[in-house]
Structure formats: C-alpha cells, structure tokens
Ligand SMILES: Cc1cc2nc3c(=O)[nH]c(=O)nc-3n(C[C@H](O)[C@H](O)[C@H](O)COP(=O)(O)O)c2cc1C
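Shown next as structure tokens: one chain only, the form predicted alone.
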C-alpha cells in the first residue's frame, strides 16, 4: 500500500471502533483545521542545480536514528487497535530506525518493549497526586527507556470534543520542574511548549529538550500550530537544548518544513495509529519508511544533505 492507502484504510478501521472518537479534536476542533492550514501556507524555495544526496541519519541526545521521523507520545488507543499493539508498534519503529514514545497510561510492559531494541521514551503527566507522579518518574527510569518526558501542557487534563478524558492533573510550577530535573538522571524532555516564555523557563529548569506541540488537539481549543511560534522559540533557546515538534505532520513535505524551522525530530501521532490499524507493525514501518523516502526526494531538491542542514530560507511564507 502507498501512504495515502495506509491512511485511508487505517482511519476507516479506527473510526469503526469504539475508540474512533479519539481521532477527533478538542471542542470546536479548530486546532486540527488550523494545523493543516498553517502547514500548507509554506512553500519551498527549490535549489536543484548541484543537488545533494541526502542522508537522513541523525543522533539526538545520545540516540542514533535512521530518520528524523519519530512517534509522538501516546499509549491509550494502541492496545485497542490490535492485540499486542504496543509491541507491534515497537517492532515496526525499530525496523524503520525510528523512536517510540509512550504516553499515558504508562504501559506495564515498558521493559519488554525496550528489549525489542527500539529506542524508547516515556511520558508522565502532571498528576494532582505529586507523590504518584514522582513514583512514576522513578519507576520508568528502571525500564530501559532512553528519555523521560513530562507533559507540561496537561495541567488541565485532556479533552476530546466535549468529553473530558484526563482530569487528574494540575499545572506544574517552575520549582517543581527543577525538582523533576533532580529526580531524572536520563535526558529530560518538556512536552507541550508553545511560547517563548515557557521555552526560556524550560532551559532554566534544566530540560535537555522541548517538544513544541499542541498535544494532538486534545488539550485547549484555539491553540496555535507550532509553526506560528517556532521562530521565536528557536531564537529564545539559541541551541541550548534540543527542539522537537509535532502537530498534524502527515507527509515528507511537512517533515521538511519542521526541519527548516529548526526542529531536530518530527513526531507523528495519528499516522502511527493508521499504519497499525492498516497492517500492524509492518504498517507502522511503512508509514515511517515512506515519509522518510518522500523527505529524501525533497531534501535533494532544496540543497539539504541532512536533517540538521535544512535552512530556514528554503521556506517561502
């Protein structure tokens, strides 16, 4: 199947299940509509003379990957799509040379997933029960994961249309983030940064990286797409920490735009679910492989020879 067929088949299969509503967005679903509108606003400045032979391999915070295209943090829908879904996703991502990122609920089998050899990161929410949150942070570090993520944008939980999903969260303070930094010995990523102010505080709190994200359109309505704030955020952190991004990325062209804005890695959420629903782990691998192949074609025609060498000037806005 080509990528369009995987998306069509996978989305249809998920929509037919009880979990199909999770593909929707918060309240008015403005965030999902805006994601596509903003991504589509940018076009490419082509440089085809003396074209490059791109290499998509990269190393980020000690993790070597074959592609800058990774899985965004999520857990909940995956076990309901296919039996053994988390292991299938892990195996598919490993075969593609990508990274797996789990969300909440934290999978009970993180150790088993890590043993597949897939580079693995795991997120924790800002739980009202801070003792439980810190216990989770300690426990996941013993499972073989490579990075720890904390969802700074889940302070009001999550919501799909009018249905409250997670309600056991409350915003984190700056002092709590510094305490988390002292607790976590692995690379620490703050997920959900959407402003210059939060980016600067992330640096000051000791984060190793940030994910610029509107949380798959599942937190607040009328949030911007990351591209609307990335220039000011990248300028604010000035290379002090790693910048990643997710939010409506579907094709290699979207990924190239994210790299041009200064991201080191681009996260996929729904596309991973579509691949899993369409053809289990092989479908996940195909999603990553096909997007990466699209990226190579584009990079060769804009003068970029690697993920870290995509100039902001290739974008026309």
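Residue numbers count along the first chain shown, from 1. These numbers were taken from a predicted model, which means no experiment stands behind them.
Omitted from view is the form predicted in complex with this ligand, to which the following refers.
Asker: If the cut-off is 4.5 angstroms on heavy atoms, which of these, 259, 26, 268, 276, is the one near this ligand in the predicted bound form?
Answerer: Checked against the cut-off, the match is 268.
Asker: Exactly one of 73, 180, 120, 210 has a non-hydrogen atom within 4.5 Å of this ligand in the predicted bound form; which residue is it?
Answerer: Contact residue from the list: 73.
Asker: Counting only non-hydrogen atoms, which stretch in 167-175, 240-248, 197-205, 127-135 is within 4.5 Å of this ligand in the predicted bound form?
Answerer: Answer to the contact question: 240-248.
Asker: In the predicted bound form, is there a heavy atom of this ligand that lies within 4.5 Å of any heavy atom of residue 187, even though the partner is absent here?
Answerer: Answer no; every heavy atom of residue 187 is more than 4.5 Å from this ligand in the predicted bound form.
Asker: Though only this chain appears here, would residue 90 touch this ligand in the predicted bound form if you measure heavy atom gaps against 4.5 Å?
Answerer: Residue 90: no, not in contact with this ligand in the predicted bound form.
Asker: Please determine whether residue 218 contacts this ligand in the predicted bound form, using a 4.5 Å cut-off between heavy atoms.
Answerer: Judged by the heavy-atom cut-off of 4.5 Å, residue 218 is in contact with this ligand in the predicted bound form.
Asker: With the partner left out of view, is residue 77 within 4.5 angstroms of this ligand in the predicted bound form by any non-hydrogen atom?
Answerer: Result yes; residue 77 sits at the interface with this ligand in the predicted bound form.
Asker: With the partner left out here, which residues of 95-124 have a non-hydrogen atom within 4.5 Å of this ligand in the predicted bound form?
Answerer: 103, 104, 123 sit within 4.5 Å of the partner.
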